[in-house]
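Have a look below at one chain only, the form predicted on its own, in structure tokens format.
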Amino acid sequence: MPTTPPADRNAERGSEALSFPTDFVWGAATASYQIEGAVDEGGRSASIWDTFSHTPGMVVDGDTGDVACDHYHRYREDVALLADLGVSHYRFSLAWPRLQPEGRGALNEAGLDFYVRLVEALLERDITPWVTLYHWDLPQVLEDAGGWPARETAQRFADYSAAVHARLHDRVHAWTTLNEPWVAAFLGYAAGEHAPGVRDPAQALRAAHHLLLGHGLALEAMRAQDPGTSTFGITLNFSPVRSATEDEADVEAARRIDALQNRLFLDPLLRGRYAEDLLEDVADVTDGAHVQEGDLERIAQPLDFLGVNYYFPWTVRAGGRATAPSPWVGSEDVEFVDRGLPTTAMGWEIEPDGLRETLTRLSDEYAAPPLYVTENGAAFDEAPGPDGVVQDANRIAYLDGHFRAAHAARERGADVRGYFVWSLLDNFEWAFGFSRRFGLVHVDYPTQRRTPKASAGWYAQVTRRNGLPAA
């Protein structure tokens, strides 16, 4: 993986009690709909998130991404913030409806020009661009034609990916096909909590498969164009799943949730098959006819890296009455247990060791390709003090714990090569609107003023020292 680390990042490495390899990637991450705004500029068409966020009752306070962080106009300011953090890489997604407004055909040159300018601004600062081709903002026109439950969408994604790669691969060398297909499929098509807001378990399973198929088709198309400079991967969201007790029914509940949350994507990608127990779990929902001959071979092409998004673990037990709508297709009766641990503003348990467990499992059980933590971070209720500074000690403690967990996984043999903090900026947090703040940088939405939080200064010390002090 190409890296362009700041020259001084290891200046104090020798004095640190915990250090990372000299080529370790430190980065920050964002997503297009969450920060760009400018939804009607430069030929961009509507995405499913434009439609969903403008539907009354779907997003907290009726918030939308119409303006978001206005990154479309303020990208140079945001690149300067990245440089201040001392990061070597910036992970961001491309807006499919900005680049291909009709979901097919020639690229929109005005949309492409925005990303060219962004990439060039990054390279001027010695920051390596790390592109995600799909972070949930499907062109609405493709949803109208059937969305991800329709097989044709996988081919449309491959064509879009190839068109973008052909134009940018001379400057962009790290390519992620999809971000968190579990969320796109099961929150989008089963629970209806995310765009497009569908509540149909069978459609969710078809969507999950076609997302994976689109990934495989896109890899084929991009690798056919590649002169040998690009690396290709996918980003999945993982949660370790534990049973509340050793009771057989609780252990079985944990198996079922792990199958749907983690193994549904890992097994096709890294083993070329869907696990038999998972297929049995969902047999009452689908007969699997949407999985055609040759699909799994396409999906299981070699990965140059695997992106790992980690936020929290699950603890479950056997339930009783099934709840619907639910993202847990075939396991709607499983209950999720609150263990009473400290949580973030999202209500997510804070457990750094779950990251170590995830990374080591991927290494030991799946012999995974090189691993990059492509998202990890926390939302907390916080505001600037009288001096204008956001003293976010909770975020610093959260990141410190998870960085140490990643280091522990490396010590146990996991090939962890980088870490992207979520997120650079406070932003539009999907169905939570602007009510949750994950950023290292505070954004005052009415004025769009950016103010680095205390965690930004702390993270800049980590990136430049390439390590952490004694715990």
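None of these values were measured; they are calculated from a predicted model. Position 1 is the first residue in the sequence shown; the rest follow in order.
Here the subject shifts to the form predicted in complex with a small molecule, a form of this protein not shown in this document.
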- prompt: Using a 4.5 Å cut on heavy atoms, which of His209, His135, His71, Arg356 is close to the small molecule in the predicted complex?
  reply: His135
message: I need to confirm a contact call. Of Trp422, Phe52, Tyr33, Trp26, which residue comes within 4.5 Å of the small molecule in the predicted complex, counting heavy atoms only?
response: Trp422
query: Of the listed stretches (173 to 181, 361 to 369, 288 to 296, 322 to 330), which one has a non-hydrogen atom within 4.5 Å of the small molecule in the predicted complex?
result: 173 to 181
query: With the cut-off set at 4.5 Å between non-hydrogen atoms, does Trp348 touch the small molecule in the predicted complex?
result: yes
field: Proximity of Glu375 to the small molecule in the predicted complex, heavy atoms at 4.5 Å
entry: yes
Asn309: touches the small molecule in the predicted complex, heavy atom cutoff 4.5 angstroms: yes
field: Heavy atom of Asp415 within 4.5 Å of the small molecule in the predicted complex
entry: no
